[in-house]
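Just the one chain here, the form predicted alone, laid out as structure tokens.
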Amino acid sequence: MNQTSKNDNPNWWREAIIYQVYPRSFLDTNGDGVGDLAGITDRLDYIAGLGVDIVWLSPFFKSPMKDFGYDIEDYCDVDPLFGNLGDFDRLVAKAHSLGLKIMIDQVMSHTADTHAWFNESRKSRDNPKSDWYVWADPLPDGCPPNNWLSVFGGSAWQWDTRRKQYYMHNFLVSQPQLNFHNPEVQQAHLDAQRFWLERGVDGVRMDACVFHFHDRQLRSNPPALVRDTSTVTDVNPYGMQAHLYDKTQPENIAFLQRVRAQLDEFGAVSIGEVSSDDALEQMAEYTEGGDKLHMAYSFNLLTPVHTAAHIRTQVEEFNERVKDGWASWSVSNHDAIRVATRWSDGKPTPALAKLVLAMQLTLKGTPCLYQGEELGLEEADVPFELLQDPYGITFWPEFKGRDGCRTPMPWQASAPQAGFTSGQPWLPVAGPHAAVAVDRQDSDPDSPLNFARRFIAWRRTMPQLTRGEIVFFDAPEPVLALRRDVDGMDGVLAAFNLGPEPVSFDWAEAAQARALDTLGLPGSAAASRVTLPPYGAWLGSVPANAE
């Protein structure tokens, strides 16, 4: 088993590692160019071999795929593109046999416009589901009811000729917003969630969980005092508003409590995606008290900014704002430029890949790794004519969208399409990715993949890193220096050089430390002098009573 059982340790998820799988791009077994559930099942041994605990599956539900599964047409069925319910059941059974937990992606705030609920809702203003979505009359001049914007560009309102009203969409026009003020909508989602929990699902990732509720009065948002560039590109006008009324409404707390109560029936865990003007505040609010989300993550480490001060601020401010909640720190996912490119000024190296993974696994919180991070994959360059992401197509060329982080996993360096498919892949396999495919890294003891395996296994033996408290120290940029402590055990010091130039600095605490086996991370300490090469790190052990 890769993890302590839920029964033995109710907080096992705090010590776990999450691995995100983007099904479309993991492994295709039927030659149609799109990854499938059978492909994930086939590679569960690989995932288990990394030493992770939870496999988060991005959406595989029935969908028109205009937003590649984040536009759901049927919450209780598998899209034929990925397989069927039998394939899902086999995936869960094999995962459990390997000691892995399965987490599904719950997209609750909106549906596809092909969903039966929306088809009924838009027919009239008085049908049984007429109030299941957010509808509003136009202003006297015919304009939308307020200034709310879509994350994907333009107004958040779309005119519907059937009802002669506008409907709200926070994302694509084809993703109408559900009306969570209607208790029937909440119950429908709880019922759908129970369907999967009864099939053996161990957890849920709640997509866009700050978007569930809207302001009943439909008040316009004021201008942002500070433009938000953490969740949207700086060419997107969405960041110009302070989003006071179109999301993060107080009614969401009670709904999350209902979700948690149902999850607790099954011993299942939850993680929420938080994208708001004050993401740390929402993370704290949504995880404290033990009756809402188990953990939450934001986009605050998914930005190009990667100074030591920025990372320290995110962790420290979260810990200051919440006493009993829990964070999950992500540095890559299916919505962000891959960290190997984003944090290297476009010059990714294996050393950086190892450094970032070690740093992420040393912070206090549950790490969430995105497929390919263990390989050090860089952002793929997808030409405009091959783009699939509507977000990128809208904001091209200043913003190229999310396709570059969603290209297929490379399994075999010399195989056609790097072993991902026998057909034509839905997105091109990046040339640089084939060179660092799994089979090539498998045979290289110094590869990022083998480093990831070793570091994850070593972390499991270090309670200080899985559940210890965290304290940061002042150090010259770009060095992140910290200490992790568990009562009655020696403390662990860690220093990470986040830059491409060598750094040497005095750290008094290091004088009392003995070096730990850092599994190949270059760095050293002599007395109180710590020396770190480019993208180097040093870890040491200090006596429990050392100050």
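Computed from a prediction, not measured in an experiment: that's the story for all the values here. We number the residues from 1 along the sequence you see.
The protein also exists as the form predicted in complex with a small molecule; that form is not presented, and the subsequent description refers to it.
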remark   = In this chain shown alone, the residue from 456, 208, 331, 156 with a heavy atom within 4.5 Å of the small molecule in the predicted bound form is 208
remark   = With the partner omitted here, the residue among 82, 286, 171, 426 that in the predicted bound form has a heavy atom within 4.5 Å of the small molecule is 171
task = Determine which one of 137-145, 302-310, 447-455, 103-111 lies within 4.5 Å of the small molecule in the predicted bound form, judging by heavy atom distances; exactly one does.
result = 103-111
query = in the predicted bound form, do 335, 402 and 406 all reach within 4.5 Å of the small molecule through at least one heavy atom apiece?
reply = yes
message = When the contact criterion is heavy atoms within 4.5 Å, does residue 60 count as touching the small molecule in the predicted bound form?
response = no
inquiry  = Under a 4.5 Å heavy atom criterion, is residue 28 part of the interface with the small molecule in the predicted bound form?
reply    = no
query = Given that the partner is absent here, does residue 175 sit within 4.5 Å of the small molecule in the predicted bound form, heavy atoms only?
reply = yes
ask   = Taking heavy atoms and a 4.5 Å cut-off, does residue 273 contact the small molecule in the predicted bound form?
value = yes
